[in-house]
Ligand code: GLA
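The data below hold one chain only, encoded as structure tokens and taken in the form predicted on its own.
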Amino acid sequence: MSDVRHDPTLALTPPMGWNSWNALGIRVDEAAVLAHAELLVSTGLAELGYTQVIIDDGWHDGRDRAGRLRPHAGRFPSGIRALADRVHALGLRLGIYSCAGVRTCAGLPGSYGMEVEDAATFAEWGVDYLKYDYCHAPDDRDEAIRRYTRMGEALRRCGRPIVYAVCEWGSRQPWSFPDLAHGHSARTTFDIIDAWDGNLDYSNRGASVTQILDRQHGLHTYAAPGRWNDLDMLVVGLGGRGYIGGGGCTDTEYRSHFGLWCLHAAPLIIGCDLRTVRPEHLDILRWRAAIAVDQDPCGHQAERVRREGRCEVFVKALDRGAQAVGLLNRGERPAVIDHKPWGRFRVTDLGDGADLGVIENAVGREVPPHGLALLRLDPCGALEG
């Protein structure tokens, strides 16, 4: 069997797609999954890279007499194999969910002790992506590594390349063990909620956009092609609706959230219901220039290089010596934020595509409250400009 962890076609850039959980929870069904697959194509999202269609928790109702996971007969009457065939016919990939515990977070049977059998089943069904959770499992970090490694080894030997998303929530520093577990991404945080700032302490009750952002400081050294830090799904377009709490973000906050995830080379997994998403939120999800930052082939994650009061500067190294710079205003009033790169650069505002000309050693923008100015800096010669 091939070594999935080093498959040159697998997760060399952060995975992109749609996941059912935040919008539908355990109410997910075959019709909704197929509708979202079709919408990824018709809205142009698939063309931009959103190709994974991921069925989260609630898709099965137990195991059959042979011990195989059994799709919920009422909600997935055609079965997962047939659904995968229809998703593949659209040029997309199918993802599925399981858990390293004895039960999933929704209380259904997990894959603990059945890793080989379940990996073989997923391969037989044509699954391309596995989100592997950690509910109803021990707190011990070494045991977490053992459990994730067992499923990783099973996926490597199942005969089909399957992207492996380690979803441990960050409690046991999972960013440090994807190589051991053969994972392609590792969750760094508890579940996201649809809120810009958290009113609660960071906890397993959920985390806001900025709480998750703060958890990424210092983790950039763990990101690379084929192993990404996962900041959890996008809440763009949820509007306070769906299965998760938080009350909703403003349009400015959604745009900042999206840009920050792109700077951090995070998997871009849509969580809203695309059947009802507002056009302005769909436009954020189709922000082509920001997606290019996320998908840059060098695979670097942004580093926060400065924090002064409520203003922050993030820098992400890009291909050919370029940089993506994020100027974030977490305050309640507009603020001028500057960045002082070393050298001469031609600057493009990735928000509106404006060419800001050639700068030397300093660039600044006025940024609205909770806003993000996303810039691209391309190195230029001494005579250019």
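All figures in this text were calculated on a predicted structure; none of them were measured in a lab. Residue positions are given as counts along the sequence shown, with the first one as 1.
This protein has a second form, the form predicted together with alpha-D-galactopyranose (GLA), left out of what is shown; the following refers to that one.
Enquirer: So, Cys105, Asp191 and Met233: all three within 4.5 Å of alpha-D-galactopyranose (GLA) in the model of the complex by heavy atoms, or not?
Expert: Looking in the model of the complex, the three residues Cys105, Asp191 and Met233 all sit within 4.5 Å of alpha-D-galactopyranose (GLA) (heavy atoms).
Enquirer: If the cut-off is 4.5 angstroms on heavy atoms, which of these, Glu253, Asp128, Asp133, Glu115, is the one near alpha-D-galactopyranose (GLA) in the model of the complex?
Expert: Among Glu253, Asp128, Asp133, Glu115, a heavy atom within 4.5 Å of alpha-D-galactopyranose (GLA) in the model of the complex occurs only for Asp133.
Enquirer: I need to confirm a contact call. Of Met151, Cys167, Ala265, Cys249, which residue comes within 4.5 Å of alpha-D-galactopyranose (GLA) in the model of the complex, counting heavy atoms only?
Expert: Partner contact (heavy atom, 4.5 Å) among the options: Cys167.
Enquirer: So in the model of the complex, does any heavy atom of Tyr97 sit within 4.5 Å of alpha-D-galactopyranose (GLA)?
Expert: Yes, Tyr97 lies within 4.5 Å of alpha-D-galactopyranose (GLA) in the model of the complex.
Enquirer: I'd like to know if Arg187 sits close to alpha-D-galactopyranose (GLA) in the model of the complex, meaning any non-hydrogen atom pair within 4.5 angstroms.
Expert: Yes, contact at 4.5 Å.
Enquirer: Spell out, yes or no, whether the shortest heavy atom distance between Glu30 and alpha-D-galactopyranose (GLA) in the model of the complex is within 4.5 Å.
Expert: Close contact is absent here: in the model of the complex, Glu30 is far from alpha-D-galactopyranose (GLA), nothing within 4.5 Å, heavy atoms only.
Enquirer: Among 290-298, 276-284, 139-147, 105-113, mark the stretch whose residues have heavy atoms within 4.5 Å of alpha-D-galactopyranose (GLA) in the model of the complex.
Expert: That would be 105-113.
Enquirer: Taking alpha-D-galactopyranose (GLA) as it sits in the model of the complex, which residues of 53-88 have a non-hydrogen atom within 4.5 Å of it? Please list them.
Expert: Asp56, Asp57 sit within 4.5 Å of the partner.
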